[in-house]
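The chain that follows stands alone, in the form predicted on its own, written as structure tokens.
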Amino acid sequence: MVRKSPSGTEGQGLRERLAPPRRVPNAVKEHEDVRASRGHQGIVKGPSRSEVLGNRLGWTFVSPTLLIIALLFIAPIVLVFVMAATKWTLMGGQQDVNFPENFHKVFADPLLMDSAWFTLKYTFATTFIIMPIALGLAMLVQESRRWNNIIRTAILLPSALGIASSSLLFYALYSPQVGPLNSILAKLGLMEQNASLLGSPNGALWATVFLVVWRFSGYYMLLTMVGLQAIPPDVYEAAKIDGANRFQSFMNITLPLLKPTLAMTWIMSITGSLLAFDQFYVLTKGGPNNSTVTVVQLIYKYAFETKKDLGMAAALSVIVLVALVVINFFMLKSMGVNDEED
């Protein structure tokens, strides 16, 4: 029996059907997709009408926020940098560009180092006293107990007062004429009868630290308590089943999971302390003998009291801004807070 061989056309069709599928390189495929996206006249199609309307609607919602950020945050920072680079007096207004003369005058002021050292000392004292107290109070009142609501309210109540109002209150308490503290401390033998707590540098410092601890402990307790309540209770139950005691649970569960909250509260406390102004302006006005002048008070003095030079005040403001950014950056790095935990 003789098998008939396929003709030329039939053999070509059979080879095409049996051949493996042709692989198209990615570059060729992308080129074909681009061509397919074009119309029959070779013009690239733009976004559809619904996409254009969606984009416009999105910009409509975002624009007020962008406008507020530009007016209230970006514009003042730009203005401060411009003032720092020009001769700008309080009464004469903006004059010529004198960069970097304002910075030279600021660094030549002997009061700068004294105020910077006092501000760092005050920041160290307040932060390392407030934060442990806030954590302890938060752990004490985080659970639902009978009297906890009353205790929380009592601790949080000073936070409702403004720092200026609190400073006025403590100014009266510290007064040797009308305040009760002097007579109590004098009876305990801790100070003389007619002496003032605010009359010495150390007394003024610690009297202000006590005011700030009283004013802000409840506020930071509340922030820390929110972080504590976000920790799942299952983790503590599993640790208890494994035999962990309270101290081990605190060191291995509470502190690691509370790290983002602690980083936020520490940064807020450090930033607020470095920018302290109201409490010292009301209580001590920088005295005695300029021993309690903070950096922000020095900016105020440059602008409105001693120098009346807004350029010098702006130059010092720029230095403080850079210092705050650097300190907070290293603070986050030292606490091991990564971008996801931010």
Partner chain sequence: MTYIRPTRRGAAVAAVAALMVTGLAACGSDDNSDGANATSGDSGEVTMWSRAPLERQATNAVDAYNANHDTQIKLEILPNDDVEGKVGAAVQTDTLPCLLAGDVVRVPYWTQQGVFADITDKIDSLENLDDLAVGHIEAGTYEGSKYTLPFVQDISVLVWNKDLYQEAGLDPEKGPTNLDEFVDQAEAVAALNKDGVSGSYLSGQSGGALVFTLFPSVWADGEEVMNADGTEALLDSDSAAAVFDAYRELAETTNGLGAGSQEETGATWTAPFAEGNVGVMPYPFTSVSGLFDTADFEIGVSGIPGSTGGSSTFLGGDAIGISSSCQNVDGAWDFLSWLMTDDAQQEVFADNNDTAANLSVLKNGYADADPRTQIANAVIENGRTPASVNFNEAFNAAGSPWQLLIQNAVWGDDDSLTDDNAAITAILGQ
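Only the largest set of C-alpha atoms that superpose within 1.5 Å between the two forms is called the rigid core. Numbering follows the first chain given and starts at 1. As the structure is a computational prediction, the values presented were derived from the model and not from experiment.
If you look for the form predicted in complex with the partner chain, you will not find it shown, but the lines that follow are about it.
Exactly one listed residue, out of Ile241, Leu72, Ala108, Met91, brings a non-hydrogen atom to within 4.5 Å of the partner chain in the predicted bound form: Met91. Interface residue remark: Ser196 is counted as part of the site for the partner chain in the predicted bound form, having a heavy atom within 4.5 Å. In the predicted bound form, the partner chain sits within 4.5 Å of a heavy atom of Asn290.
Taking the partner from the other structure, the partner chain in the predicted bound form has no heavy atom within 4.5 Å of any heavy atom of Ala315. By the criterion of a heavy atom within 4.5 Å, Ala276 is excluded from the residues contacting the partner chain in the predicted bound form. Comment: 196 to 204 is the region of 196 to 204, 215 to 223, 158 to 166, 268 to 276 lying near the partner chain in the predicted bound form, near meaning a non-hydrogen atom within 4.5 Å. Residues of 304 to 324 that come within 4.5 Å of the partner chain in the predicted bound form, judged by any heavy atom, are Phe304, Glu305, Thr306, Lys307, Lys308, Leu310 in sequence order. Val52 is among the residues whose C-alpha shifts by 2 Å or more between the shown form and the other one once the rigid core is aligned.
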